[in-house]
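The chain below stands alone, shown as structure tokens; this is the form predicted on its own.
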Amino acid sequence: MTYALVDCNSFYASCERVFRPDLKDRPIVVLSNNDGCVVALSKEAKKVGIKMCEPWFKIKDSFTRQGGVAFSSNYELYADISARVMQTLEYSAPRIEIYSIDEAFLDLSGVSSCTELEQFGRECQEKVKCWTGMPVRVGIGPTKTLAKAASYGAKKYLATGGVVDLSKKERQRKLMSIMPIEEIWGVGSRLKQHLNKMGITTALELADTDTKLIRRRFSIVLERTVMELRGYPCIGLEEHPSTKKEIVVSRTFGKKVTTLESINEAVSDYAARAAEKLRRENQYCRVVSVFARTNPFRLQDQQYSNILSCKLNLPTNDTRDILQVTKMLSRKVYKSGYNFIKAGVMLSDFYDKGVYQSDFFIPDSRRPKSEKLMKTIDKINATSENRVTFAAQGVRKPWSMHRHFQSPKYTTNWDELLVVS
């Protein structure tokens, strides 16, 4: 087996550069909801001292003086560019696993008989850059863990040109000898501390550790990691993502919310979005939860947080059923006299269609033609500029989050297409 890991460089920042060539080599940061703190940054921003999670109000003046540019999160743009990158990669390999919004594993079985693997990586880079405008790096190895390690090498060492091939044993051991233990796929900070106490500080030292000792002291999961570092594939390609166990939609409000009406509107809006995601998973949920909290950083405010759940008689993915429950729960979660800053909806306890055994003593409360109606609404919302919404979601939505620096939705909104003069 041979795997390639294709990873987009500084994904969010690079997405902003695709339609803004004037931003080349300028520091870029992408901000969290309500433009609160830095959640993504370019390598140029790192060079001028910006760090992840720094509050925007603290760095705003110094960052702009150094020529930096800030953007509010533009999730619609990022998701669409991600889909274009993944579609491009499907032309490069027979099988791929979309690992995250900016990463994908490729199965390169048989590719080495047609072309050199490093050359394949360079061609893959060029194709993605040409077709989508996104810069990527490519790590290649006989296992997914070694492909991840190769990607680390491609990012760390600029001389590689963004492509590292670890097909050969001597190259694997050379990179692992200078690769810190915490950079290994699946090794977190807590595990790093335990391994350091055993004298294991590099990937090579972990690879050379007795697997029986690793399994006895830790777990079979870390034992598989050791075997993968030795070049024995233990983790296969997952072409179809596993079904989610829960769906959560939550947002921080653009301003403090004090009324039940606003809480109801916000929770209803999140519930409609969660139901839409549930239908995309082809699942039905039986448990609906609503939560809300105040701002823990405003010490002058009274603090409050709560979450309540309701178990349905029958699993559903009909937005109307979910809205009915969330409105009831939000009334119970809400308390007057508090400044709420965040609320959300969680759907859980999922079922496939038709697999749930109903209770003989509970009447069937499912709505007629529910499936057809929801499919029609989803189709309209996916293809039309004007969305179909429920009255409970509100119209003006004064509580919605602020995104003062958001770039246009260049690829998903007709009114925001790039105009070239």
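Whichever C-alpha set is largest while still superposing within 1.5 Å between the two forms counts as the rigid core. We number the residues from 1 along the sequence you see. All of these numbers come straight from a predicted model, not from anything done at the bench.
One more form of this protein should be noted, the form predicted in complex with the DNA, which is absent from this view; the next part is about it.
Of the heavy atoms in Val85, none are within 4.5 Å of the DNA in the predicted complex. Residue contact with the DNA in the predicted complex: Arg215 places a heavy atom within 4.5 Å of it.
Contact check for Met198: no non-hydrogen atom falls within 4.5 Å of the DNA in the predicted complex. When the DNA is considered in the predicted complex, Asp321 lies well away from it, no heavy atom lying within 4.5 Å.
Stretch 98-106 is the answer when you ask which of 122-130, 228-236, 98-106, 204-212 has residues with heavy atoms within 4.5 Å of the DNA in the predicted complex.
This chain lacks the partner; the member of Leu329, Ile263, Val187, Met134 within 4.5 angstroms of the DNA in the predicted complex by a non-hydrogen atom is Val187.
Site annotation in the predicted complex: the residue of Ala79, Leu308, Val221, Leu314 reaching within 4.5 Å of the DNA with a heavy atom is Val221. Using a 4.5 Å heavy atom cutoff, Lys148, Lys244 and Arg251 all lie near the DNA in the predicted complex.
Along 264-288, one residue reaches a heavy atom to within 4.5 Å of the DNA in the predicted complex: Lys277. The Cα shift for Gln283 between this form and the one not shown, taken after rigid core superposition, is smaller than 2 angstroms. In the core-superposed comparison between this form and the one not shown, the C-alpha atom of Trp399 has shifted by at least 2 angstroms. The Cα shift for Leu299 between this form and the one not shown, taken after rigid core superposition, is 2 angstroms or larger.
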